[in-house]
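Just the one chain here, laid out as structure tokens, in the form predicted alone.
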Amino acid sequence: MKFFDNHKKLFGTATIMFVGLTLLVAIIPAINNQQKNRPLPDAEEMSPEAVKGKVVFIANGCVACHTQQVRNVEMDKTWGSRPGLPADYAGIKRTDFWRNTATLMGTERTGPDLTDIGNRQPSLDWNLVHLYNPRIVVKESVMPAYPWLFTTREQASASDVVVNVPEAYKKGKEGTVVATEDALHLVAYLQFLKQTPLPGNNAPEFLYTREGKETVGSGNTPGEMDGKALYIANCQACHQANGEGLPGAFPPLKGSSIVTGNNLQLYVDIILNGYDARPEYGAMAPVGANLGWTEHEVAAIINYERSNWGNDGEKVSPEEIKEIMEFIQQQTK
């Protein structure tokens, strides 16, 4: 066993084996994967603002609570239109030479997955208010507030992005809350996070089928989609569970003339394509268009909003909503 007595041979052999195994197990397979993997054809490159926002995202520890991966399991169906693919991460580059924080897939979901958050919540106003204090828009939120991403001024300038913070949440500070560049960059990164559609919309299915879910006790007939569940998932963050919205930020649906009125075309258009009610309220994103809603989702949302919080609007059918949607599409061509 003279081999073990010769430290040069011993450590030399160990080094050669270590380097060889590293090449075979890690480096060569990684190079092979990079050669095979390509970003999807319609994948967008990250803007300079989003790149800076990613650094802010990492610096503030957001990756500790949020994932960016949609698994092919039923519980992940709310986070994206399809399961994640290697191509979704192929175009992501290193942060810099020294840091390989390219993909931020995460390990926990203390907060929701952010894979498709740019489509689920693209509103600049909502994201800024949420960063300033999450409890303003989601009372049960356990997410920490990030007030250092904002500053308070006596009077905002024309170039400032004003955050519509209710007076009760300003912590005794008088003045106007203004977003810093870090806050705007962080939101730019969040808005960038979107699932790229596959060519021909040939998305692999989740381990579930999309079916209309019956609603118990909310006025829906069997077979209709669950308007309450759709509202909670896509509308409640801004308009709140009680339908009263947030003064100066998001309009109320309770008692709204648009919700209970007869202008159904305007109502459907707002759900699909959003609406800009500035300066009274922040701009609403095109929620329905972003999520690819059909007449069934839109009808379910309308019927839920028209029959809650004291609203007493006329019930609509998917058939009449479909006609309106087709008319709106023709008008925008």
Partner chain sequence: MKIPFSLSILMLVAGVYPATGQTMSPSDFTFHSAKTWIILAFIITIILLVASVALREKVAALRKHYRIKRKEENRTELEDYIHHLNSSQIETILKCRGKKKVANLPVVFIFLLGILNVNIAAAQSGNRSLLGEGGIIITLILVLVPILVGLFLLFIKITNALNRQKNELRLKEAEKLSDYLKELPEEADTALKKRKAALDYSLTHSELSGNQPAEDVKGLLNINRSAGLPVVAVKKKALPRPHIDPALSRLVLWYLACATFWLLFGTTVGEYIGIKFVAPDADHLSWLSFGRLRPVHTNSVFWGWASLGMLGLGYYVVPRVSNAPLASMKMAWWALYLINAAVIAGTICLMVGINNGGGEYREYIWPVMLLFGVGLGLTLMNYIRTIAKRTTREIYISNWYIVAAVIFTIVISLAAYIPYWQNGLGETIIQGYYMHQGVGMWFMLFTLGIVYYFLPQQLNKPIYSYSLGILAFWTQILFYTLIGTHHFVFSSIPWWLQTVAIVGSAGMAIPVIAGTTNFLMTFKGAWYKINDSYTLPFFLVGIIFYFTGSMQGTAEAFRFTNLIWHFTDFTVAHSHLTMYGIICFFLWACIYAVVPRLTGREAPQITIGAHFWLALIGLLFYSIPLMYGGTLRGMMWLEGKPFIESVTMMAPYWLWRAIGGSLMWLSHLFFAYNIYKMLTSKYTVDIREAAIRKLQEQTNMESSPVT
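Numbering follows the first chain given and starts at 1. Because the structure is a prediction, the values reported are computed rather than measured.
This next part talks about the form predicted together with the partner chain, which is not shown.
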Q) Out of P252, P147, P197, P166, which one falls within 4.5 Å of the partner chain in the predicted complex, going by heavy atoms? A) P147
Q | Proximity to the partner chain in the predicted complex, single hit among G245, G261, P112, G175 (heavy atom within 4.5 Å) | A | P112
Q) Heavy atoms within 4.5 Å of the partner chain in the predicted complex: which stretch among 157-165, 252-260, 186-194, 67-75? A) 67-75
Q) Within 4.5 Å of the partner chain in the predicted complex, do R153, T180 and A241 each have at least one heavy atom? A) no
**Q.** Contact label in the predicted complex: E326 to the partner chain, heavy atom within 4.5 Å
**A.** no
Q: Answer yes if any heavy atom of W126 is within 4.5 Å of a heavy atom of the partner chain in the predicted complex; otherwise answer no.
A: no
Q.
Taking any heavy atom pair closer than or equal to 4.5 Å as contact, tell me whether T13 reaches the partner chain in the predicted complex.
A. yes
Q | Partner proximity in the predicted complex: L104 to the partner chain, non-hydrogen atom cutoff 4.5 Å | A | yes
(Q) If you apply a 4.5 angstroms heavy atom cut-off, which residues in 11-37 are near the partner chain in the predicted complex? (A) F11, T13, A14, T15, M17, F18, V19, L21, T22, L24, V25, A26, I27, P29, A30, I31, N33, Q34, N37
